[in-house]
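The form predicted on its own is given below as one chain in structure tokens.
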């Protein structure tokens, strides 16, 4: 064989190898890959709100067998511990290193607001399963959520306390972060519009273990009730310390913390008689199907926000199915989410408005003896 012929054969072999690599890739996947990032407090005091969405996502991923439109779906979890700084580091990793196509999260409003400018600049769509701060409505075109804004919750709760219960003078005790401040502001605005008076406002830092000083200040005021905005762990502290101080005023909790079994078990009889507000429970065949599948997988009923995690994941998958192969996937997912109308999710019917918000009915509940709950009103 001549040297010239050897060179020609070598060139042909190299060309064939290059062509094969171009057609079949490097062996990672022959059909493409979709990456979805998840930001949630998987450990720490807010983990009661972060683990359930993760479980809902795991169930949804299992049901589609880790694939969508012949592409493998990879989910990457990051623990924020409800810390905005940790959330920023995590979202930068998801976007710049993992190169995710979409993000589910965050859970705590303070984290979602901290990462919103980053996802907006990077043009990566984000759906929060639990963040409720009114400020999120204006956080950007790429930010969505499947829970109602605290602006709605505050208005409904204020209307209930002022018009349905007939109270005129109340105090507010709230956790001093984005979620707490948002709830406080929305309630105060509406309650005062209705002619009510906020006699005192006290706050405490996230992670606080003692609120007796704030409770004593409120106790000495001429008020009819206390409106409280808290996380699960500090809800227990507030309930127990209010009981220790002999504070007999009615307590109205403006977050879903009292829905948490941990809170009811830890607070015991100090939670009896407490009234709280949260999104009304959805119903229907899809909800029952989800609950049965969840119980079969995890051997227990889904906790709060598991359904929202399930819906957020499936909405992203639905959007991906509508996107054409030649389009930028992240931008296409964002555009498709805005077209979602009357989607029958397991967390309720979902329609995104022009700000990525949803409207859902709210429930007023009361804790009766032994941690049992009673629905007082749906508004």
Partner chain sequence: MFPQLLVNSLIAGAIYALVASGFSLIYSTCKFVHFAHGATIAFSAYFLYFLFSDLGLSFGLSVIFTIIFASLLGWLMDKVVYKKLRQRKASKVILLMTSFALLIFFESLILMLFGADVKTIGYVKIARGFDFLGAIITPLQIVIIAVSLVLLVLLYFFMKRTKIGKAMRAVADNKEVAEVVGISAENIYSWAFIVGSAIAGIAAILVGLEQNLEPMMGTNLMIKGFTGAIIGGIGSVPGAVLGSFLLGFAENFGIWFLPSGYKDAIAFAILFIFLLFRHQGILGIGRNSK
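Positions refer to the first chain, counted from 1. Given the structure is predicted, the values throughout are model-derived calculations rather than measurements.
The next section is about a form of this same protein that is not shown, the form predicted together with the partner chain.
Item to check | Complete contact of 207, 233 and 269 with the partner chain in the predicted complex (any heavy atom, 4.5 Å) | outcome: Yes: each residue has a heavy atom within 4.5 Å of the partner.
Next on the checklist: Heavy atoms within 4.5 Å of the partner chain in the predicted complex: which stretch in 286-294, 154-162, 121-129, 197-205 meets that?
Outcome noted: Going by heavy atoms within 4.5 Å, the stretch is 197-205.
Checklist entry - Among 278, 75, 116, 237, which has at least one heavy atom within 4.5 Å of the partner chain in the predicted complex? => result Spelling it out, the residue with a heavy atom inside the cut-off is 237.
Checklist entry - in the predicted complex, does residue 219 have a heavy atom within 4.5 Å of the partner chain? => result Looking in the predicted complex, residue contacts with the partner chain include residue 219, since a heavy atom lies within 4.5 Å.
Checklist entry - Though only this chain appears here, would residue 169 touch the partner chain in the predicted complex if you measure heavy atom gaps against 4.5 Å? => result Result no; residue 169 lies far from the partner chain in the predicted complex.
Checklist entry - Any of the heavy atoms of residue 262 lying within 4.5 Å of the partner chain in the predicted complex? => result Contact check for residue 262: yes, within 4.5 Å of the partner chain in the predicted complex.
Checklist entry - Does the partner chain come within 4.5 Å of any heavy atom of residue 243 in the predicted complex? => result Yes, contact at 4.5 Å.
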